[in-house]
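Below sits a lone chain in C-alpha cells, taken as the form predicted on its own.
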Amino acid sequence: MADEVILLDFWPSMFGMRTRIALEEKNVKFDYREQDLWNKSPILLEMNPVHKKIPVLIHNGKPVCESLIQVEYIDEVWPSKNPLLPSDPYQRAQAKFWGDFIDKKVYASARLIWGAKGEEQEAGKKEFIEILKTLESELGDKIYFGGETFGYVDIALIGFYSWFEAYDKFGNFSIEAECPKLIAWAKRCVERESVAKSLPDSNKIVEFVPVLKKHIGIE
C-alpha cells in the first residue's frame, strides 16, 4: 500500500517551506492543500487542535505538527535518500541546536521589520542583523551549514530568504550588504531543485505583506 502524504500549508509560510523542501529532497509525492489562515478549514482544526496552525503533515491519516519536527520525521520515515540530519550524535545535536536557534530568534525579530514602526522597528532590524551575523559566523566558509551536505539547518533557515526582499523594502536596508556570505549560501541553496520548487517568488511576498498587515490590523 502506498503512503498517503498530505500537507496542509499556506504558500508564504517559511515554516511550511521547510516541510515542502524535506519532502522534495526525499522525492516523496504529497497532496498539497492550501489553507486560508483567516478562515480555518475543518481538517486543519481537526489535525492540529492544539495550535490550529500550519504546516500540518498528515501521513497515512496521522498528523505531525511543527515544521522542524516534520523535517526530522520525514528524515526517519524515508531514510534511504538524502539524509537531512547527521548520523553522528554530536553533529546531530549541533544541527538541532541551530535549528532551535533559528526557530526562536529569526521570525520574532524579522516580524518587527515589516510589522512595527520607529524605535521598535529599528530594534528589530538591529537584532535581526545580529542574529544573521551569528548564523553567518557558524556557516563560515562551508558550502552548507552541514559542510558539503545540504541538510537540516539549511532547511530551517532557507525559507526566510524568500522574505529578504520584503525585509529590505519595509526596513529600508540591505541584508546582502550586511551579510554577503549568507546571501551567497542562500543562492547556492536555491540552485537545488527542492528549494527552487518550494520557495515562492520574492516579489509575490513583497506584494503580500500589505495584505497581511491589513488582516492583522497593522496600518
Partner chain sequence: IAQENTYTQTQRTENQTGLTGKMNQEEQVQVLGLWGSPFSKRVEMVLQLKGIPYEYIEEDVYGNKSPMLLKYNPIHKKVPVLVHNGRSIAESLVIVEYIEDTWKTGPTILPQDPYERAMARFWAKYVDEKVMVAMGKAFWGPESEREKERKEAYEGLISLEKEIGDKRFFGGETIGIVDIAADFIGYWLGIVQEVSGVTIMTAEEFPNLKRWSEDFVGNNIIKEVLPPKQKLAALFKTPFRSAATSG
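Numbering follows the first chain given and starts at 1. Predicted, not measured: the structure shown is a model, and the values here were computed from it.
FYI, the form predicted together with its partner chain isn't displayed, but the following is about it.
- Stretch-level contact check against its partner chain in the predicted complex with heavy atoms at 4.5 Å: of 159 to 167, 174 to 182, 45 to 53, 31 to 39, the positive one is 45 to 53.
- Contact annotation for the candidate site: K62, C65 and F101 all lie close to its partner chain in the predicted complex (heavy atom within 4.5 Å).
- In the predicted complex, no heavy atom of Y107 sits within 4.5 Å of its partner chain.
- Mapping the unseen interface onto this chain, E130 falls outside it, with no heavy atom inside 4.5 Å of its partner chain in the predicted complex.
- With a 4.5 Å cutoff on heavy atoms, Q94 counts as touching its partner chain in the predicted complex.
- Under a 4.5 angstroms non-hydrogen atom cutoff, its partner chain in the predicted complex lacks G147 among its neighbouring residues.
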